[in-house]
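Given next, in structure tokens, is a single chain: the form predicted alone.
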């Protein structure tokens, strides 16, 4: 078996890179839906349909486990696919497959609590709020998934989302560092103005943004922690595989990169992050 990693584009490589580090012997197939990227400005049904098609392509390639390395896909499509599509697919194909997301591990990392935990609401006044900023695509921000799920678990954390409509597309297209830094700084200023002060911590709620994490660190107050989704996802996958030995991650160290868009070498921004040349094959 291989582990599939799916994203609308190159952003999921940030998660994939961390998974490869954590599981060097495992077999991985990465699929970028670059023909339809970015997902952040699309409507919900489109996102569900595109995510389902990507997961099916990875299942057909031999993956029994798929990680949605895309906040928009995980936030909008994951639950629908798990509840209404996966059971029928398993029955028709006679295979035990599953889809995991990156939002649950991120919320666990942000709250320091397991997903199953829900806070007791006692109506007590919170003396000090931990202000958490979330930078994300418009679709993820509109879903309010981080606000809703973190509030269920921690009443002392106030979540403020900042939608960044163009940032994923700029990163996908290989924009220059000056333009990217300008956009990042603008969103940090906008969120700070809306809150009335800088956030205490921040989540980069789009995996593309990890590629420019240094720019977010420079724009945020010195020492403001970033919650890194790749680390949280790798930790969560390790726990999942321990609990589910029926999923074999493989042992040959296979690395296959597929795209629905233009195959071939990726742009320098991505290759610099990856640490070497990166060739995508047609999906």
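Positions refer to the first chain, counted from 1. Fair warning: this is a prediction, and the values are worked out from it, not measured in the lab.
Another form exists, predicted together with a small molecule; not displayed. Remarks below refer to it.
Can you tell me if residue 38 lies within 4.5 angstroms of the small molecule in the model of the complex, counting non-hydrogen atoms only?
Contact check for residue 38: yes, within 4.5 Å of the small molecule in the model of the complex.
Please run the contact check for residue 206 against the small molecule in the model of the complex: heavy atoms, 4.5 angstroms, yes or no?
Close contact exists here: in the model of the complex, residue 206 approaches the small molecule to within 4.5 Å, heavy atoms only.
Answer with yes or no whether residue 137 is in contact with the small molecule in the model of the complex, where contact means some heavy atom within 4.5 Å.
Residue-level check for residue 137: yes, a contact with the small molecule.
Please run the contact check for residue 168 against the small molecule in the model of the complex: heavy atoms, 4.5 angstroms, yes or no?
Residue-level check for residue 168: yes, a contact with the small molecule.
Given that the partner is absent here, state which listed stretch (177-185, 206-214, 80-88, 151-159) has heavy atoms within 4.5 Å of the small molecule in the model of the complex.
Of the options given, it is 206-214.
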